[in-house]
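Taken one at a time, structure 1 and structure 2 that follow are two forms of one protein chain, written as structure tokens.
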Structure 1
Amino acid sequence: MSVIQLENVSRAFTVTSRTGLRRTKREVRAVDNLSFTVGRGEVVGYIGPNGAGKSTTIKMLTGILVPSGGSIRVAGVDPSRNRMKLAKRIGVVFGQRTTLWWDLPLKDSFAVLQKMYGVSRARHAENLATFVELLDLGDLLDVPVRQLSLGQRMRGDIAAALLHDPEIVYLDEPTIGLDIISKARLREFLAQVNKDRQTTIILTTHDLDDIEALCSRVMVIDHGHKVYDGTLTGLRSSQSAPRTLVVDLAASLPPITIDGATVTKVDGPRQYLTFPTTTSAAPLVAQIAATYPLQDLTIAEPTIESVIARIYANPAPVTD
């Protein structure tokens, strides 16, 4: 069952510019004729370059912005017409902003949220105990929010966004500025929440490791248009990004010459050969083993970064 539905949604802004004494106005479409649905329990990566329309989409989904055209339904309601009703059914985390009270201890922010959302004390206590354990917040509950590190505050913000049992959570750059350990902890927590509670998660991020760790589906948006919607595997294959053979030879030799692959880099006895995604690696490996003093060989799949770059360079809509 779909919990998010967008049909031909657009959002336009009027931009005023000045040339000498003359002012001109022009319309800019941050989102243009966008349609998609998201099912209950899906974890969707919503990605694109700066200015692509990601934040505008999230603001329309939460009711902060009203679309210029088209229709939106979130948890069965129109977000812009039912902001208060919808607020109890969604959670939002913005990486650069906090929903916690700056001068209050973390536990007091959680107590305020329990009152705001009208959650029963028993359910609030149950959720809080679970999140404190999973996010390792026990030693931080009495610490004022202003004294928390970025990683600690982010864990607190994510707990705060989930305490009222939202059906849908929007995470905007939730791991920005965090160290590797903090990122791993947050990813494990979000995966557990999705598994245990079937919480729908929409994740916008520039950290593509977040996408690979969490998302079963990815949507790519560019200049307000959806240019890809499907799986990560399909995303890689859609752009025919080359795979790489990393070959370790017994000695430094001139570039390897075989049919079906091209040497792109030589680093002493190690050589890097690219070949099409649609080509099997087996015959290439057989050629190398039969002709060269092979010591070791690995196959590297195209990185998500390289695939996304190819989409931005040629933003023709594709689906998995």
Structure 2
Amino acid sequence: MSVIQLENVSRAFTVTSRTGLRRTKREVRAVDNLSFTVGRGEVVGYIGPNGAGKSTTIKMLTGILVPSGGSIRVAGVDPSRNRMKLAKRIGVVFGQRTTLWWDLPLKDSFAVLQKMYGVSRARHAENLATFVELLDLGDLLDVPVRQLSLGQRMRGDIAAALLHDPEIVYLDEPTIGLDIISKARLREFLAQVNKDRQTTIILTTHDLDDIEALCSRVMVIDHGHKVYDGTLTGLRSSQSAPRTLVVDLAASLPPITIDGATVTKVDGPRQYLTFPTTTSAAPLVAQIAATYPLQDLTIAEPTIESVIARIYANPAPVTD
């Protein structure tokens, strides 16, 4: 059952740029003819280079922005027309800005949200206790939001977005600026919430570890177009990024010359060879072992970063 449906959705912005005294108007299509559906309980990683249109998409899904074309249904309603009705069913985290009140202690912000969303006291207390424990908020509850560090504030924001048991949660760069431990803890927390509550999660990020840790599905968007939609494994194999053979020889030798692979780097006795995904590794290894004093060898799959970098560099829109 799909909870989010986009059909040919576009959003344009008129941008006025000033060069000297002249003002020129230009139309930027931040999101261009985008279609996708998301099922209940899915965790979707929504990635793309800067300016791809990720945040714009999320703002349309929440009803903040009105699309310039196409149709959106979230939980059965049109977000921009039923924004407030939808608000109770969704949670939103903007990594770049807090949704809490600067001057209020964290717990007062939570109390205001409880009233705004009409959450029963019992349910609020229960959720709060869970989140305080999982996000380690205990010491922060009495601190005004203004005085929290970025990472502390982010944890507060995430708790705030989930206190009313939303069915769908959008997180726009929730791990921005977090240290490694906080990131890991946050991912664990989100995975837990998804598992326990069947919460649908859409997450944008520039940290691919977030995607690897959390998302069963990845969508890549570039210039407002969807360029990939599928699993992370599928994403890897969709781009025939070269694999790497790391060879340790008995001595420092001139670059290895064999068919089907080329040396990209020599580091003393260690040499790096790349070969296409379509070539099998076994005959290459046999060839090297026959002619060189081979001591050790590893095969490195393309990193997810290099795969994504290839997509960003030459996007080929997928049709599905």
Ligand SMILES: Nc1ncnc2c1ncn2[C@@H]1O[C@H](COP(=O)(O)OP(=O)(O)OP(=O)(O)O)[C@@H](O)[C@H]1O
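Each form is matched to the other, and the largest set of C-alpha atoms that superpose within 1.5 Å is called the rigid core. Residue indices: 1-based, along structure 1. Predicted, not measured: the structure shown is a model, and the values here were computed from it.
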Pick the form predicted in complex with this ligand out of these two and give me its number. 2
Does superposing the core leave L249 with a CA shift of 2 Å or more between structures 1 and 2? yes
Superposing on the rigid core, I want to see if T62 changes position between structures 1 and 2 - specifically a Cα shift of 2 Å or more. no
So that I can tell if L34 moves, could you say whether its C-alpha shifts by at least 2 Å between structures 1 and 2 after the core superposition? no
State the core-superposed CA shift for G20 between structures 1 and 2, in Å to one decimal. 6.8
Any chance you could measure the C-alpha shift of A281 between structures 1 and 2 with the core superposed, in Å? 4.0
